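Below sits a lone chain in C-alpha cells, taken as the form predicted alone.
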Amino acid sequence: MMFKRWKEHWPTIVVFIVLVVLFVGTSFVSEVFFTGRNLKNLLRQAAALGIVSTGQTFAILIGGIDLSIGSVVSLTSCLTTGILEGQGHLLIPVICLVIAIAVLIGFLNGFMITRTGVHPLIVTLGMMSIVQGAVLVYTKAPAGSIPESFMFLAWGEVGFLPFPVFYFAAVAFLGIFVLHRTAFGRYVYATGGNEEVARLSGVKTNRVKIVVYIISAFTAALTGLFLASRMGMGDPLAGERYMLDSIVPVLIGGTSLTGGKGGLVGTLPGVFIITILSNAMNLFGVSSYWQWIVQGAIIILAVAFYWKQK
C-alpha cells in the first residue's frame, strides 16, 4: 500500500527533491543567493510567475492551453496604470474594471473553443494576437502611474516576509482547494482524463471548459495588477514572457499536456525551480539568450520524461 501511494505521487516527490537540491546547491556556489535581499527579490519573482501558472495549470488539466495569458497580463497592467494616473480614489473601480475585462476575455476563449471545436492552442493564439494588438494601440511605450497605496501589493512587507508571498499563497491555496475539495475540481480532472466519458456521466464539459478559461484569465489579471504595482507603470510588453513561462512550471510539476493528470501541488515547486534557476543565472551574469535556451531544454526534457513514464 505504501509503495503504491509513493508510486502514485512520485513525480511530485521528485520535483520537490530537485527544488531542495537546487536551493542548497545554489546557496553553496553563490554568496549573494542566500542573502535576505536576494531571497525577498526571489519571492517577488516567484509570486508573479506562480499566480499566472496557477491559471495555466487549470487550462492544461482539461487538455487545453492558454496562450493569451501573457497578453491579458499586459492589458491589465497598462489599463490599470493608464486609467489610474496616480489617482487613489479610482483604485477599487479600476481594479474591478480590468478584472471584468479579463474575465470577459476568458469567457470568449472558452465559448469559442466549445462552440467551434477549434483546438485551444489556435483559439488562444488568435486571442493573444487580438489582445496584444489592442494593448499596442492603447500605448506603445510604458505609461501611466499608480497611487502610493497600491505599491504595497508588490513592495509591502508583513513582518520579514514580502506581501506578494501572501498574495501568491492565497491564489495557490484557493486553486488547490478548488481542484481537490470541490465537485468542480473533480469535473476538471474528469474532463481532461476522458471528455466523452465525463460527458456521458453527466458532467457539463463545455461549461467546465468555459469556467476554466475564465479562471486562467482571472489569474492573468491578478498578475497584471501585481506587475503594475511592482513597476509603477504599465508596460505593453510586460506579459509577453508569461505566454510560455507560465507553461514551464506546469510541465515540470508533472501535469500532463493531454490533461487529467497532475495539478497545482506539482506546479508550485516547479515555479520555484524556474525562479531559482533564473535568479542564479542572473547572479552569475548568464545572458538572457542562454536563459531562453535553458528554458527550452527544460520544456523538452520535462515533457519527454513524463511522457516516457506513461
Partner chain sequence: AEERQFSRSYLWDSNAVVMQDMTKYKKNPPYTIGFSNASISNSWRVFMDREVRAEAEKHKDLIKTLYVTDAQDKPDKQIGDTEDLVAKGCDLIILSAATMAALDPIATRIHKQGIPIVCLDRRVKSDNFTSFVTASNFTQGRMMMLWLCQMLKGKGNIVMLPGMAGAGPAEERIIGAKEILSQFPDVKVLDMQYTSWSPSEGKRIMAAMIQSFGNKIEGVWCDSGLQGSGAIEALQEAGLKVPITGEDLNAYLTRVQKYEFPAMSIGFPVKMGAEAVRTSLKVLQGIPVPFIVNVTRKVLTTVDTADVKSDQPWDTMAHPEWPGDWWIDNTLPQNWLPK
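Here, rigid core means the biggest group of C-alpha atoms that superpose within 1.5 Å across both forms. Keep in mind that what you see is a predicted model, and the values were worked out from it rather than measured. Positions refer to the first chain, counted from 1.
What comes next is about the form predicted together with the partner chain, which is not displayed.
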Proximity of residue 284 to the partner chain in the model of the complex, heavy atoms at 4.5 Å: yes
Is residue 102 near the partner chain? Define near as a heavy atom within 4.5 Å, in the model of the complex. no
Quick check on residue 48: any heavy atom within 4.5 Å of the partner chain in the model of the complex? yes
Even though the partner isn't displayed, in the model of the complex is residue 140 close enough to the partner chain, meaning a heavy atom within 4.5 Å? yes
Name the single residue among 136, 91, 161, 83 that comes within 4.5 Å of the partner chain in the model of the complex, judging by heavy atoms. 136
Name the single residue among 233, 98, 171, 210 that comes within 4.5 Å of the partner chain in the model of the complex, judging by heavy atoms. 233
When the partner chain is considered in the model of the complex, the residues of 276 to 297 having a heavy atom within 4.5 Å of it are 278, 279, 282, 283, 284, 285, 288, 289, 291, 292, 295
Could you check whether the CA atom of residue 283 moves 2 Å or more between the shown form and the other one, using the rigid core for the fit? yes
Once the core is superposed between the shown form and the other one, does residue 299 show a C-alpha displacement of at least 2 Å? yes
